[in-house]
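This document opens with one chain alone, in structure tokens, the form predicted alone.
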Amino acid sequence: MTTSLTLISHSLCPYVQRAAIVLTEKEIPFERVYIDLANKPDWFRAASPLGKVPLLKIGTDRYLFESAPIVEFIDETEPYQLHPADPAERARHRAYVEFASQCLNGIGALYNARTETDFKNTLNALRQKFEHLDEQVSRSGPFFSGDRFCLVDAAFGPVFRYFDVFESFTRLETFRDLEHVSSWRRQLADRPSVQFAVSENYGDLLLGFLENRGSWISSLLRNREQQKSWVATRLVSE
């Protein structure tokens, strides 16, 4: 592809991360432009009929919107396809990319849950999804379908990243005894394309976002910060 590509992004959007991961996996040069979704510029409103990121700008005047067609466009127009060649297996992979989106919906419900009961119920529903996934991940690893990175891997890298941050301040045990998903999660966390899909301060940005939700997870985060402050004060006084 000789046409220049620009990925219109937001710092915390997991769907933007999917596109960035695929572009990096295929070693395609691209520029990133970040926008404030609370103050969308006019050009963005015109290019994104749903008002969401990512957008992929192709050349000077063409835009694609929605992560699934963006990622498939990238895969189809560059060598070394990440989707399987077999039509049935390709359809299965597309289904699990959508499954990743449903997991992201569950994560959104988790960090918006107002009560402990709602939080636990949502976490249990996510756990059931990961239990199903544990039966689907390749036993030969290291990725979803074996030794070849695919679009399902690109979709789940951002899913697991949320839990890296959640687990920095609370104990969830969402992946307890899920051997195959846990191994897959570690492999994706170590993948350069997954690491480079976000900025270095992503964790701090997400923590700030969570702290301001006014939800149950916000209270867990505040309690952890208060405990750390209390311990620091004790150490100084001693």
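One-based numbering along the sequence shown. Since this is a predicted model, take the numbers as computed values, not measurements.
Not on display, but discussed next: the form predicted in complex with a small molecule.
Shown alone here, Val181 lies farther than 4.5 Å from the small molecule in the predicted complex, counting heavy atoms only. Of the heavy atoms in Gly51, some are within 4.5 Å of the small molecule in the predicted complex. When contacts are judged by a 4.5 Å heavy atom cut-off, Trp216 does not count as touching the small molecule in the predicted complex. For the chain shown alone, Ser193 is not a contact residue for the small molecule in the predicted complex, no non-hydrogen atom being within 4.5 angstroms.
Shown here without its partner, the chain carries Asp75, Arg92 and Ala95, none of which come within 4.5 Å of the small molecule in the predicted complex through any heavy atom. Here is the short version: of Ile58, Ala47, Leu210, Leu37, the single residue with a heavy atom within 4.5 Å of the small molecule in the predicted complex is Leu37. Heavy atoms within 4.5 Å of the small molecule in the predicted complex are found in one stretch of 183 to 191, 200 to 208, 37 to 45, 168 to 176, which is 37 to 45.
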